[in-house]
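In structure tokens, the next block holds one chain alone, the form predicted on its own.
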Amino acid sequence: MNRTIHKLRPTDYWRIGEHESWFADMAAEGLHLKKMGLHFVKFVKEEPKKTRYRIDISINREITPEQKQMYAESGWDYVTSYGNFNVFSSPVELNAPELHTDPAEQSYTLKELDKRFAFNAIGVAVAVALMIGMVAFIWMLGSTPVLNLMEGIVIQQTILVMVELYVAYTSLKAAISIRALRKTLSEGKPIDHNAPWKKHHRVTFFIACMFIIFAVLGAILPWVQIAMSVTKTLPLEDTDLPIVRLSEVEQNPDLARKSPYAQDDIDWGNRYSYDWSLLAPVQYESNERGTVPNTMWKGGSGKYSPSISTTVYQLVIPAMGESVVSDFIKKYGRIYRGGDFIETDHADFDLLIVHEEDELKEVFAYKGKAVMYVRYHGYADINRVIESTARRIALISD
């Protein structure tokens, strides 16, 4: 039984002479062309034979049975097609006449393909330009590009843009190469059917592998993020999660949980979420609400109900910590008016910035690999928030 061998297809499918030479060399090794796929070429393992291969262009994607019969009568058997390129083979000993004996006449067969490739290249370039604009808009959304990068969506879109850029590059290269081939043929210079292919094949093989890796990565990243994402109700007892708890800041034994909204077995007023991204593989976000019986807000606006929320990232690149803090301030600090954002020296942080205005206390900090933003609304002293932040950020800073 003949064995089937698959090889990665060179991406420069328009390099006709090199493909013909490659197919012939494979046949000499016992690998005979069977089919060209989108990314792979299928060969059948048989006895080595000296075989000539020729590639002919047709405007229609499928060659007719009558055309195949006409070529067969000249000694050329139809093998397979890829796009507008049709591959024929003939044993060397048969000495079949060339499919095209006049290069100038052959150049006319490329006229429509030349137009089509040029049109495709323009279309792909426009599509990529629009995609780049969309990604740039998402990246700069809220003027927090680094934070958007950490959240992962931009990375996925950027990978897809890189894939599309490669497609645009190959489309443009194909259009330029076909036009150059037309010019060469019109000058009476025939295609080199024994063109050296090994060096270029190694380059295109590497590029094709990188393209596949990026394409697969761009496809699976969203699913990985979805699979890794978890939201749960915060337990009443303390945990080893790197989030600041309301009880450790309030330090009031009468503090009780306030649950304003629950759905799908999750208390959304007291919950934590875990997420993952390529540049921030550990991400936590939490919010917690409480109430203290027989205690009112100053000014009589209602029962005292302090709250706290935490957002924390563990970064793959610690040097990005200061930029993430800056984007945290841009994203969350603009919500509130009044007060100053003060940078404070503290032994437990690489950077500490605090913001305080009446009952609102905010802490923006990073240490090592960890970046943390804590927003507390209540009467506890800001130093308690800072101390709790220092304890929690140390859990994931290394």
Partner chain sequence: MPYSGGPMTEAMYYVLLALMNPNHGYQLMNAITEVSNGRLHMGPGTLYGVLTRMQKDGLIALTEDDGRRKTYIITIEGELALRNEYSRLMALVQDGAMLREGDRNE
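Numbering follows the first chain given and starts at 1. In this text the structure is predicted, and so the values were computed from the model without any measurement.
The following text describes the form predicted together with its partner chain, which does not appear among the structures shown.
Interface membership of residue 99, defined by any non-hydrogen atom within 4.5 Å of its partner chain in the predicted complex, is confirmed. Residue contact with its partner chain in the predicted complex: residue 344 places no heavy atom within 4.5 Å of it. Although the partner is absent from this view, residue 197 stays clear of its partner chain in the predicted complex, with no non-hydrogen atom inside 4.5 angstroms. Although the partner is absent from this view, residue 74 contacts its partner chain in the predicted complex, with a non-hydrogen atom inside 4.5 angstroms. The contact with its partner chain in the predicted complex, taken as any heavy atom within 4.5 Å, belongs to 111 out of 232, 189, 258, 111. For its partner chain in the predicted complex, the listed stretch (262-270, 300-308, 103-111, 218-226) containing residues with heavy atoms inside 4.5 Å is 103-111.
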